[in-house]
Structures are given as structure tokens and as C-alpha cells.
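Single chain ahead, written as C-alpha cells, the form predicted alone.
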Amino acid sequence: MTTVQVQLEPAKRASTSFWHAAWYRYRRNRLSVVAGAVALVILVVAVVAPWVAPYREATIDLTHVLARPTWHHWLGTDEIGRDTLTRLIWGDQTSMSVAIGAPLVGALIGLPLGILGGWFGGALDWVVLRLIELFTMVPTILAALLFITVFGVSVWKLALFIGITLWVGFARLARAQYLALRDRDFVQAARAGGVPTWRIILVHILPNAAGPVIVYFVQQIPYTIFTAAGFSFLGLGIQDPTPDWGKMINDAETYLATDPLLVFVPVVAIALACLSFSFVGDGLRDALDPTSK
């Protein structure tokens, strides 16, 4: 009797990683995938602006003032002969610096406060709550305007001023996450095993709280873009010679009837950036929700 040995290939083990499952859910949302690609292009252009812009950010060509699109100026020029495409690209760098920098400042301030309040509770949590309530009483835009008026404005100052007004949301979110997670079984097991407190906070709980924080961070980017552009449009934000989308609209509104492209280009850029990051945030919210199907 002949025995036939059949070697079976081991079954491919399904990934149980939370992040792998989140990526799978995100990929199923086609709108968020497209928005993510657009947002990535916007960020890449902001990084490589010095190499892809046709001209330097402050280059002026007085022989081509308010020129129509040509081979030398694909989107025309503004009222003093600056290339619109160049200012659009450099304005992307300015806007993205503020849009990423401001939520980063808010996270660096708010997350440690929220984590400490949520984990330790007691008097420390009371102090954190009072700080949150105090800053909630002050309208964020008015607070940013106050900082701008007193200290002046630049790209990084604007990111700092807006970021200071964003820390409250990060603190609330971090506090809520740590209050919900600090009594979970895996945390109690870590405590019983003698794991240091700092390691429990950073290694055991923080990765489990990272999903909502990432979503909130991304959702603040459209708000920051719109807020920074609004300040520049009002003449309170970025000033010449630094290009900025809001400043482009401010400069071009006088010529709306004669050259609408000068206003149309930065408006479309702001709308595209805000929509793309908004859809990315919505996609991440659904993908990082463990109850998503």
C-alpha cells in the first residue's frame, strides 16, 4: 500500500492588528482615499515649493502687470507683476506651515494636561478642569487676534497664536480617554505586574487613545487653514513679501471685475485644501472606530 504525503501550505493568518484593520476600513472609503491623495499632493508641493515654483516668492516683473495667462506666467500676474502660480505654490507652504503647526502646538500643550488630569484625578484634575473652563470662556478667534495685535505676526507666530487657542480640545479629549481607560483590565494587570506609572501612561494607554487624538488633529487642519486665511484677508495675518492664500484674496479683491482669476485661484486652493483634509478626517474617524463594519 502506497502512502501519499500531501504537504499543505499553512493558512495565511489574518491580521488582528487594530491599525491594519483601520487601514482596511479607510481604503474602503473611496472619497477619503481620493481626499488623502489630494491632501498628500498639497503637503508635498508645500515641502518642495523652492524647487517647483517658477520664480522666487518676491520676484516682480513690472513689464507684465495684471497679465493674462501665458507660457511665461501660466496663471497670469498680479497688480505689481508677481507670478500668480509662484505665489500660489509659496502660499501653499505658508498655509500648510500654519495648518500643521497650530494643531501641533495645541497638542503639545493640551495632551500632557489632559493625560495628567485624567490619570491622576483629584486636585490635579480639578486644576486642569478649571483651566479648561477659563480658556473656554474666551472666544478663540478673539484670543488669537489679541496675540497678533500685541506681538505682531509671522508664519510661526500665527501658528503659535492659533495653536494656543486649540489646546482646550486636545486636553478634553485626552482627559476623557484616560478616564475611560485607566481602570481597564490591561491597565490593572500592568499595575499588578509592577510596571512603572510613566510606562503605563505612555506605552499601555497612549496607543489605545491615539486614534481619537489623530482624528481630532486632522480635523483641526481645515479650521486652521480657514482661520489663517481669514486673518490674512482682513489684513491681520501674514504680510508681504511672504505669499499667503488669504493675502492673495485681499490683494486681488479690488481687481475682481477686471481679472477674476486672481481671486478664483486662491479661493479654489483654500476650498480644495479644506475639503480634502475634512474628508480625510471623516475617513479616519470611521476607520479608527472599532465598531465600524
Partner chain sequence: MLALRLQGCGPDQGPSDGRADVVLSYLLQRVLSLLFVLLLATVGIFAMMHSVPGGPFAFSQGDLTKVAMHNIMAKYGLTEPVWRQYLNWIWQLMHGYLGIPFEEPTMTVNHLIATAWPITLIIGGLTIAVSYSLGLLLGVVAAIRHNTWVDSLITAVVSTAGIALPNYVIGFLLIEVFAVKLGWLPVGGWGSPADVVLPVIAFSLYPLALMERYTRASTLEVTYADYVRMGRARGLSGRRILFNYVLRTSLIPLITIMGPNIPNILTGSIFIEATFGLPGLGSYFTNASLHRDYPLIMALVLIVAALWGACYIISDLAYAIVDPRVRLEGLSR
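Residue numbers count along the first chain shown, from 1. Note that this is a predicted model, so its numbers are computed, not measured.
Keep in mind that the form predicted together with the partner chain is missing from the display, and what follows is about it.
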{"query": "Heavy atom of Thr136 within 4.5 Å of the partner chain in the predicted bound form", "finding": "yes"}
{"query": "Residue contact check: Thr227 to the partner chain in the predicted bound form, 4.5 Å heavy atom", "finding": "yes"}
{"query": "Residue contact check: Ile238 to the partner chain in the predicted bound form, 4.5 Å heavy atom", "finding": "no"}
{"query": "Contact of Val263 with the partner chain in the predicted bound form (heavy atom, 4.5 Å)", "finding": "yes"}
{"query": "Sole residue of Val44, Leu256, Ala37, Val52 within 4.5 Å of the partner chain in the predicted bound form, by heavy atom", "finding": "Leu256"}
{"query": "The partner chain: the contacting residue among Ser154, Thr149, Gln188, Thr197 in the predicted bound form [heavy atom, 4.5 Å]", "finding": "Thr149"}
{"query": "The partner chain in the predicted bound form: contacting segment from 136-144, 188-196, 208-216, 103-111, heavy atom within 4.5 Å", "finding": "136-144"}
{"query": "Residues in 231-248 close to the partner chain in the predicted bound form, defined by a heavy atom within 4.5 Å, in order", "finding": "Phe231, Phe233, Leu234, Gly235, Leu236"}
